[in-house]
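In the block that follows, a single chain appears as structure tokens, in the form predicted on its own.
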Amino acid sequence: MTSVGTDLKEYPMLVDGELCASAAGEWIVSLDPSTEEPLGKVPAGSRLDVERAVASAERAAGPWAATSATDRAALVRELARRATSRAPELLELEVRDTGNTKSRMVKDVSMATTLMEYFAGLALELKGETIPASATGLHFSVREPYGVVGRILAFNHPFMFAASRLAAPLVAGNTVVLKPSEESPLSTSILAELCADVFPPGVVSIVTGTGREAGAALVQHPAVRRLSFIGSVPTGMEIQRLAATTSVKHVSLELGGKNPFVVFPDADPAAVSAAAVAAMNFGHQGQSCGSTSRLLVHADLYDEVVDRVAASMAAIKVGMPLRDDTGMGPLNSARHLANVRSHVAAAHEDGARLVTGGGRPRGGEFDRGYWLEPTLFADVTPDMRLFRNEVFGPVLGITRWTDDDDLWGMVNGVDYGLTASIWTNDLNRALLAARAVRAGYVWINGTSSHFPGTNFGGVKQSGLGSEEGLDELLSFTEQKTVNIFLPGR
């Protein structure tokens, strides 16, 4: 947070239908992670800004809930249409602000609009039930919105998370106060412009700022009874703690993962190796909660898979993320790079074998910026920190296994349970593995893909609740039961 010159472009936030600066007039400067040069600045929203946003959301909540579900859905569709029209501008800004590669980020706007269209199409599924509880009355339930919803987002997919995660609460009849990550916030200013044009004042507010200031204020506001967060486990736990200090709240959390990619001896080593590299999401520098960063390979295939994966990772072109041929860009921030490097150091200390990467790429263009090579460690064992701890970066560890009875103890012996990938040509083995693994989202002979309508969420420390399916929409409603006593019965 700092005062900066007027030559740096300002990206306003949205409060009560107004594109504005913060009440205190302070700013957060966003840096290009490739060069460390300033890209722009966003308002450093404070508790006062959050209070103003929530107050406007409370005023708008009644009229918005009274709007028909189909009319609410039509406005969400209009937001999707306008986002699509700004896609080229959004793509360039996202790539420059996040460091994610152009080849991967091009999909983010389309994914956001797909999810907005999906939830708009579910508007008439906000149904209650009739219950034959007695012979003398009529018993039924209805679904009603919470009122004001707070959504706090991660840095790795700023626009996609922000736009797509507005859809379900809005269609359900809630107003939303959204807080993007301070690490890559610029594109949410474009979303703010679009929302200001599409929705009545107060229906959507977007408050930029730090998690410590704006995020905490949103979490603790007593009028915000429904909260959703995407990010790290420690922050998710802190949100739970802070939320409970002011009122009873429904909190859903989509948190981290230390996700297994399990290879059985009948799998094709070439297909497995290609998929394992793709599943690390190097186009996002491995900064993806669903990346399968634990590759557990049966001993029969282990050496071949290590060699193939190492060759593929060494061939990834690291470079400026706006180039079409770049396979991996810089990490998001100096702080995050330091954290990932600490995991690399821990792997060395614990005795893992470095196969490729591990350092800063060579060349003058990498003198500045937050760069790390795609990094592969082999001979990782369950007692090592790299096996247990989420890195959220371009670091893959490979573990050898031989005994089916020991396998699931290793796979499930971590605190996380977000995604898992199982590779085998034996259908019975695949189904048994899908049942045995403790994860919320499982691929069989596949990786990475999300499909609208399939609920995405984790178990254990990886979160509470799910997103991208009907359950997400329903989670933004409360049920009311009505009992009618019929005369003369």
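Quick note: we count residues from 1 along the sequence shown, nothing fancier. What you are looking at is a predicted structure, and each value in this text was computed from that prediction instead of being measured.
The same protein also has a form predicted in complex with nicotinamide-adenine-dinucleotide, omitted here; what follows describes it.
- This chain is drawn without nicotinamide-adenine-dinucleotide; in the predicted complex, the residue among 79, 398, 239, 347 with a heavy atom within 4.5 Å of it is 239.
- Shown without its partner, this chain lists 230, 251, 196, 186 as candidates; in the predicted complex, only 230 has a non-hydrogen atom within 4.5 angstroms of nicotinamide-adenine-dinucleotide.
- Residue heavy atoms within 4.5 Å of nicotinamide-adenine-dinucleotide in the predicted complex occur in exactly one stretch of 151 to 159, 352 to 360, 129 to 137, 106 to 114, and that stretch is 151 to 159.
- A residue is said to contact a partner when one of its heavy atoms sits within 4.5 Å of a partner heavy atom; residue 216 meets this definition for nicotinamide-adenine-dinucleotide in the predicted complex.
- At the 4.5 Å threshold, heavy atoms of residue 443 stay clear of nicotinamide-adenine-dinucleotide in the predicted complex, well away from it.
- Of the heavy atoms in residue 255, some are within 4.5 Å of nicotinamide-adenine-dinucleotide in the predicted complex.
- Contact check for residue 456: a heavy atom falls within 4.5 Å of nicotinamide-adenine-dinucleotide in the predicted complex.
- Within 4.5 angstroms of nicotinamide-adenine-dinucleotide in the predicted complex, the stretch 364 to 399 places a non-hydrogen atom from each of 390, 392, taken in sequence order.
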